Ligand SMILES: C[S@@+](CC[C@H](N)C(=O)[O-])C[C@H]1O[C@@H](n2cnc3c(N)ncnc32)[C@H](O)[C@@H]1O
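Shown below, as structure tokens, is a lone chain in the form predicted alone; questions about how it binds or moves come after it.
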């Protein structure tokens, strides 16, 4: 940490979060019906007995939060809708008592198709959620089986219809391409069916095989073929073409939206704005400081409610990081805090900003790196010469750069 100067700076930035620019709020619900074959997120199946105590712990953490302003609220997971709608409503109310949620705030809840029905969706809408993100992933039943999903395409289509009937006017569907054995024809049919569902937003991700997942084990054992990178590139191009023709703007590498329906919460994160996370494994970024909570559900609950024994004390992260008079880094659910260096912040803001297809202003990029004492002009010139970047008044990925984005990002690490 940078001593008292860092604390004073953070306190000032927290005050700005209260009285000026608003932060994003993220609430993590780490429960699922079952663990998908590809998933390495912090999520757990078979812990139904912890649902209520976990919701109580979330409410306790929220009640002890600094009094900030928020313009977005995002419940993610896991699968938030495995909790009862009444619990989700109570958590929203708890946020409203502690956080100044501005009028017209984007309020998102993630859901899997087999965890929602008409009454559940109506209760979520009445509670105040105005955006629903549905984990469809594919509309090919064979692909869904490879991914280890617990729903089929029919259930997914029905979930989108029910969300409309419940009054949701802002619906996202998640899709994954590149599953082992998936063909370009299958992916094209999924895209056609997804467009026919008329969502307001689509998040379209290339499958990543993560170590320690069931999918990685099956591929290692020869039970499934490895994903084909060239085929995945063709699938990504097909999505860009088909969704663009259907009127969706590609505003981020993996995200497409109808006009005015970009995900504000995620856009703010890509613009390196502040956010405050609640729940097991939740991360926060306030000013130049990152914070993280316990990842294990029982340890998280115990740290806030004292309902279990053997919960280790949080790691002492050094200087107390204060916000709104609270020592955020030393709250019981935290496991670490980190003060980002000027270079760290420049690197993060550049990589996140370049994920947006509109890119970032050259003045902003120069300001970030000049502050770190680093001239990135040579790197920009090389990336432009390689056809990966356009660099004028603004800096943005070219079409080739979108396909090879990781090569661009490595230049700033």
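Residue numbers count along the first chain shown, from 1. None of the values given here were measured: they were computed from a predicted structure.
The same protein also has a form predicted in complex with this ligand, omitted here; what follows describes it.
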request  = Please state whether every one of the three residues 275, 336 and 339 places a non-hydrogen atom within 4.5 angstroms of this ligand in the predicted complex.
outcome  = no
message = Would you classify residue 100 as touching this ligand in the predicted complex, given a 4.5 Å non-hydrogen atom cut-off?
response = no
inquiry  = Within 4.5 Å, heavy atoms only: does residue 207 come near this ligand in the predicted complex?
reply    = yes
request  = Report whether the minimum heavy atom distance between residue 199 and this ligand in the predicted complex is within 4.5 Å.
outcome  = no
ask   = Do residue 149 and this ligand share at least one heavy atom pair within 4.5 Å in the predicted complex?
value = yes
message = Just to confirm, with a 4.5 Å cut-off on non-hydrogen atoms, which of 83, 111, 143, 124 contacts this ligand in the predicted complex?
response = 111
query = Though this ligand is not shown, can you say which of 137, 266, 190, 303 has a heavy atom within 4.5 Å of it in the predicted complex?
reply = 137
request  = Would you point out which of 88-96, 73-81, 179-187, 246-254 contains residues with a non-hydrogen atom within 4.5 Å of this ligand in the predicted complex?
outcome  = 73-81
ask   = Since the partner is left out here, which residues of 24-51 would have a heavy atom within 4.5 Å of this ligand in the predicted complex?
value = 38, 39, 41
